[in-house]
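Okay, so here's just one chain, in structure tokens, the form predicted on its own.
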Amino acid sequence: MTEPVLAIRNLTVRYGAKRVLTGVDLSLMRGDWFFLLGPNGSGKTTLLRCVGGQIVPAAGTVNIGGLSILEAPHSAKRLLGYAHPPEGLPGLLTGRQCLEVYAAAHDLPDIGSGILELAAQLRLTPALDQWVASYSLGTRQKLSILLALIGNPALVVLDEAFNGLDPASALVLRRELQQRVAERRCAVLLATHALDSVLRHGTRAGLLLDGALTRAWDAQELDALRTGDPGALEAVLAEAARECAA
């Protein structure tokens, strides 16, 4: 059996006495585009940060391509494309220098023509030799996603990645991700509130409520929602939230 790109088992995170994630299980294969849904404060960003190795859980494991993100971080992160928050990008580097640093971290000889071509499609090329500190939020967001795509990672992790992007740039990036997923080059894990994107691109989705993955939809269930009432997914999510609160 093929190794999952992402395998999360019994993931539990506490901040002091507060339990933020409780017993989360999730497996993704190449070709999966998984949309992580949930209200603010449900634990979505905490889950993504665990996948990125930025948080040590109280219990459970996170493996990327069979490698523990905590026990073998360097090897696991070679398979990972993690889009860091745009406000956290190093302002004293140029965009090109950021790309070069990330390429070196993936043991690549250079940025790669594919990433530079994608930068051109995003109209980012003129900004690559400017300081990141001078970038607008949207320009930082573009750079953050480019950094996550360097080296054709097996797993791409994005947190509300299309916020702040102009419609043309969002379309370019969605098409790029959709192509990579369709060619089974990677799995995508995306936390979002944009339900239209779930129905347009998702192969799977899950609802995180109060730190627990309370509901999941596979490809067949999402297909059924696509062919029905446009508001069906909103209604399903609202009902799932009510059931969990009861």
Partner chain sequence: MHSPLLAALRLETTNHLRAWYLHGRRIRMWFAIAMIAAAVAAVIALATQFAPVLLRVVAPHLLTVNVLVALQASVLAHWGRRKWTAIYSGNWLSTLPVSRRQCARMVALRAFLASAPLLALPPAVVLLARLCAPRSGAITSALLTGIGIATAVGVLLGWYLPAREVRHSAPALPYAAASRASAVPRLVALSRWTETQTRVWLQPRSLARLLLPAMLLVPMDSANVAIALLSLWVLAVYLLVLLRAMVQVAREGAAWLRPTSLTFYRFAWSVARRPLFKQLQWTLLATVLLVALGCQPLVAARVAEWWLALVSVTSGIALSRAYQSRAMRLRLLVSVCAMAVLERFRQHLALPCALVISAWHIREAART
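Numbering follows the first chain given and starts at 1. It should be emphasised that the depicted structure is a prediction, and the values quoted were computed from it without experimental measurement.
Quick note: we don't show the form predicted together with its partner chain, though the next part is all about it.
Original post:
Can you say which of 134 to 142, 166 to 174, 115 to 123, 74 to 82 gets within 4.5 Å of its partner chain in the predicted bound form, counting heavy atoms only?
Top reply: Of the options given, it is 74 to 82.
Subject >> Contact test in the predicted bound form: Arg49 vs its partner chain, heavy atoms, 4.5 Å >> reply: Heavy-atom contact with its partner chain at 4.5 Å: present for Arg49.
Original post:
Heavy atom to heavy atom, is Ala216 within 4.5 Å of its partner chain in the predicted bound form?
Top reply: Ala216: no, not in contact with its partner chain in the predicted bound form.
Original post:
Quick one: does Phe162 come within 4.5 Å of its partner chain in the predicted bound form, counting heavy atoms only?
Top reply: Result no; Phe162 lies far from its partner chain in the predicted bound form.
Original post:
Using 4.5 Å between non-hydrogen atoms, is Asn152 touching its partner chain in the predicted bound form?
Top reply: Result no; Asn152 lies far from its partner chain in the predicted bound form.
Subject >> its partner chain in the predicted bound form - contacting residues of 85 to 110, heavy atom within 4.5 Å >> reply: Result: Gly88, Leu89, Pro90, Leu92, Leu93, Thr94, Gln97, Cys98, Val101, Tyr102, Ala104, Ala105, His106.
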